[in-house]
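Only one chain is shown below, in C-alpha cells, and it's the form predicted on its own.
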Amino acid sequence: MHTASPHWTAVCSLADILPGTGVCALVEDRHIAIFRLAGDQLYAIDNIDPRSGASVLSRGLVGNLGEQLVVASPLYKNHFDLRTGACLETPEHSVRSYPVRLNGDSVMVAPG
C-alpha cells in the first residue's frame, strides 16, 4: 500500500516565534497555531477555539498540566494538549494537531 507523503508548507522563520509563545498561520484555508517551547520544540494545532469560533488559541498561555504540554484558550480557559489537540475539560471540543518541523530556520507545517 502506498501512502502519500505529507505536503509541507513554510509558515515563518523560527525567530518569528518567541520561546513559550505561539503564532497563527493561514495554511490551505486553515487557521493553524504554531507553538515554540524550550529547546525549540514545535507543536501545531487548530487556532480556532471550538467554543467561540474565534481564531485565538495561538494567543493562549502555554504550560503543562502534569505530563501534558498544553495551551489555555484565552477566552474560555479550556486546556488543549499541544501534542494531540485534545481538550482536557471537554473532549468533544478537541481540535486537530498537525505535523510541524524545522527545515533550516524555516518552520514547516503539513496541514493535510
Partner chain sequence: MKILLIGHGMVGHKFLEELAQLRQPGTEVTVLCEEPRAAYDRVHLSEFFAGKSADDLSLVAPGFFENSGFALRLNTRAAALDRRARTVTTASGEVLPYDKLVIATGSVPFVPPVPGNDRADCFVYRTIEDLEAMTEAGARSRSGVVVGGGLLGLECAKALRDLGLETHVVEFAPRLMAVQVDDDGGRILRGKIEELGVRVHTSRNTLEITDGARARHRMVFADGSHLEADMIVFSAGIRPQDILARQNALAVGARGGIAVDDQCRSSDPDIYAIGECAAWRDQLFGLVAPGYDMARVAARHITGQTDTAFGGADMSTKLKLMGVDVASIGDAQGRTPDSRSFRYMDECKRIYKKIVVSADGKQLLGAVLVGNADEYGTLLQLALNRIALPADPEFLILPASDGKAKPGLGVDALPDSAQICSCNNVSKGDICAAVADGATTTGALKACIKAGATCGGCVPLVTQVMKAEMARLGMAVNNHLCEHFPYSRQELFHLIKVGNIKSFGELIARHGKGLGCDICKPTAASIFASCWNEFVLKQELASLQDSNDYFLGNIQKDGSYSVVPRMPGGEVTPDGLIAVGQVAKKYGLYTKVTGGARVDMFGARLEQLPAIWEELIAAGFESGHAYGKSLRTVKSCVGSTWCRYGVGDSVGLAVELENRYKGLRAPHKIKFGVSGCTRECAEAQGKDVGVIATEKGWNLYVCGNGGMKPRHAELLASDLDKDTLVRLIDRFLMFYVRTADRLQRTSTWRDNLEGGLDYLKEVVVQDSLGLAAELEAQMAHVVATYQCEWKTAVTSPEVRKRFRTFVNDGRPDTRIVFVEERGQIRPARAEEREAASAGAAPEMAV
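Numbering follows the first chain given and starts at 1. As the structure is a computational prediction, the values presented were derived from the model and not from experiment.
Beyond what is shown, the protein has a form predicted together with the partner chain; the following relates to that form.
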| Touches the partner chain in the predicted complex: A86 (any heavy atom, 4.5 Å) | no
| message | With the partner left out here, check for me: in the predicted complex, does some heavy atom of P99 sit within 4.5 Å of the partner chain? | response | no
| message | Just checking whether V11 would be counted as a contact of the partner chain in the predicted complex - the rule being heavy atoms within 4.5 angstroms. | response | yes
| query | Heavy atoms within 4.5 Å of the partner chain in the predicted complex: does L42 have any? | reply | no
| field | the partner chain in the predicted complex - contacting residues of 58-77, heavy atom within 4.5 Å | value | R59, L61, V62, G63, N64, L65, G66, L69, A72, P74, L75, K77
